[in-house]
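Only one chain is included here, represented as structure tokens and corresponding to the form predicted on its own.
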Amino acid sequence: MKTTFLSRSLGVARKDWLAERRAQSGLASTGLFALVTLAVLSFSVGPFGAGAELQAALLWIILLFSGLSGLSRVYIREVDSRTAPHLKLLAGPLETLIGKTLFNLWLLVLVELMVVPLFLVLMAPKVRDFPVLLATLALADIGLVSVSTLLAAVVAQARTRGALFSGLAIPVLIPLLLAAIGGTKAAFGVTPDARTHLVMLASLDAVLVGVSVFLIEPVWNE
């Protein structure tokens, strides 16, 4: 049976998911970081110590740094286990990128399913528009995993991976973070204009996905 582009991409995502189920390193580190950070914030700030603007920023700071702590492992795992040459024979750079991006997206969604409901309970923001909040989370996730997965391939061969990954990712993700905070503020009723922030997130997603697709072949084949 002839394998297609989509089947090879899904095969890469499935392989990473099976590896994650055995090791549980990415989900454990990402989820634990997010839960500990949320617990510290809820005890130090609490629901009455922060306004809606600060709560929107805190939510995305938790999600951003949680993502950075776990999403870089998809390519590093291949290098450390010396499976990268085999993977290059089985799937092309773009197929590998799409598969690992899908896996990272699934990982981030699992973390958000744990963190966001707990954040809404512990920090008690008044959500005025749930559809806007869900749209903001979905659009910001696409940009976050696109950047994180590409940069994971960039730093996989480096010695100081953690510092290099954060140093490269944070400046690139600042516009996305600001747009996500703006969309969340609109969902919390701080600002009335959600459309501007959602359009900005969608535009940033298009740029970041396009750059990732364009750069992955020289990065992964180097």
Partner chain sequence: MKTLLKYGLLLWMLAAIAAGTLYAPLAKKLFEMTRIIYPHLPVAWITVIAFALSAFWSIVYLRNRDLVADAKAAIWAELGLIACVLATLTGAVFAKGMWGSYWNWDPRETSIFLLLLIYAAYVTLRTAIEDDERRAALSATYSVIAVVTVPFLIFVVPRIYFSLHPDPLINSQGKRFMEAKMFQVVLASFAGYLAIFVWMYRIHLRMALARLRAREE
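Note that the structure is a prediction, hence the values are computed from the model and not measured. Numbering follows the first chain given and starts at 1.
Below, we refer to the form predicted in complex with its partner chain, which is not included among the displayed structures.
Chemist: Exactly one stretch in 102-110, 89-97, 145-153, 120-128 has heavy atoms within 4.5 Å of its partner chain in the predicted complex; which is it?
Modeler: It is the stretch 145-153.
Chemist: Flag residue 18 as yes or no: does it have a non-hydrogen atom within 4.5 angstroms of any non-hydrogen atom of its partner chain in the predicted complex?
Modeler: Answer no; every heavy atom of residue 18 is more than 4.5 Å from its partner chain in the predicted complex.
Chemist: So in the predicted complex, is its partner chain close enough to residue 45 to count as touching (4.5 Å, heavy atoms)?
Modeler: Looking in the predicted complex, residue contacts with its partner chain do not include residue 45, since no heavy atom lies within 4.5 Å.
Chemist: Just to confirm, residue 213 within 4.5 Å of its partner chain in the predicted complex by heavy atoms?
Modeler: No, residue 213 sits far enough from its partner chain in the predicted complex that none of its heavy atoms falls within 4.5 Å.
Chemist: Would you please decide whether residue 23 lies within 4.5 angstroms of its partner chain in the predicted complex, comparing each non-hydrogen atom pair?
Modeler: No, residue 23 is distant from the partner.
Chemist: So, a 4.5 angstroms cut-off on heavy atom distances: do all three of 29, 51 and 68 pass it with respect to its partner chain in the predicted complex?
Modeler: The answer is no; none of 29, 51 and 68 reaches its partner chain.
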